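As a starting point, one isolated chain is supplied in structure tokens, in the form predicted alone.
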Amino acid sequence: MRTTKENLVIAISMALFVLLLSLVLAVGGLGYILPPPQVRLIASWYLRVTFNPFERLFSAMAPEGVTSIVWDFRGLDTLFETTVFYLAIIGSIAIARGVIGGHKEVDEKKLGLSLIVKSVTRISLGMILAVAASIALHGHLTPGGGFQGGASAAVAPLILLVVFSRYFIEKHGITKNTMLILRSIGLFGIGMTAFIVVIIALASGAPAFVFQNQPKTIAPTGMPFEIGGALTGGTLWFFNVFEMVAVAAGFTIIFLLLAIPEEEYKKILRLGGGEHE
């Protein structure tokens, strides 16, 4: 319990802090920290061209500004970020490659949490995956995207790990190797989407750029921004779908590795190696 004197000191300190902050704001001392009253020039440009059919040569043709910036205006940077995440997962797998998987025969009824929790989890999993898919598939239209959708989808195997156990989900096909295959498919899809316009342009003898989405001044080839009246943002929809697969699989791999009992790691360290999966 704090004494009255301590409470008084805290109250005075807070009052002085508020007073000093008010004085600094009054004289414009945080002018370089606080956002300006008007929209910055670069922000106004993004707002103008993210979805603008009248300036399609400069537009990503997707209403969601963040997704447009991530995969169109700075797509190469996003690709390198995805690659770094992939290499981090490969490093984690390399460290744990000597640990034997949990494929031994166990009584599943004795693993995990109660029957009520397991029943509720079975009902919830479909809703989690549906929300994750919605976040990714509509990422070019509304806030969200492939990374957010993949991270949300990874919640499903994480809950399964906690509620049913690692042995249960590995027995039902959610293994490290399966997730690594899915992640590789996702990354391959991202790479192919980055080159799809170049491949189409080469077939017709026209110039194009890597990560090109819509037609440009000297590169007239581009992906259709709508299919059957539904907006796709050109390549952005495909980037989001493949990114969701890659991210969901990557996080699942990490969860599986973290769920390996400490005793198994210690056993491998004592033996100086082990049986590889």
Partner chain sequence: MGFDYILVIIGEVLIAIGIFCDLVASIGMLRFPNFYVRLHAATLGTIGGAVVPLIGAALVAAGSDFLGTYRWFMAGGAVITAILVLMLAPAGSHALARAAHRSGAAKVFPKIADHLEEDRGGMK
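Remember, it's a predicted structure, so these values are computed and weren't measured experimentally. Residue numbers count along the first chain shown, from 1.
This next part talks about the form predicted together with its partner chain, which is not shown.
Visitor: Does the 4.5 Å heavy atom contact test between S124 and its partner chain in the predicted complex come out positive?
Guide: Although its partner chain is absent here, S124 would touch it in the predicted complex, with heavy atoms inside 4.5 Å.
Visitor: May I ask you to check whether I181 falls inside a 4.5 Å heavy atom distance of its partner chain in the predicted complex?
Guide: Answer no; every heavy atom of I181 is more than 4.5 Å from its partner chain in the predicted complex.
Visitor: My question is simply whether S114 lines the interface with its partner chain in the predicted complex - judged by any non-hydrogen atom within 4.5 Å.
Guide: Heavy-atom contact with its partner chain at 4.5 Å: present for S114.
Visitor: Is V120 one of the residues lying within 4.5 Å of its partner chain in the predicted complex, judged by heavy atom distances?
Guide: Although its partner chain is absent here, V120 would touch it in the predicted complex, with heavy atoms inside 4.5 Å.
Visitor: Please pick out the stretch from 124 to 132, 170 to 178, 201 to 209, 184 to 192 that is in contact with its partner chain in the predicted complex, where contact means heavy atoms within 4.5 Å.
Guide: Going by heavy atoms within 4.5 Å, the stretch is 124 to 132.
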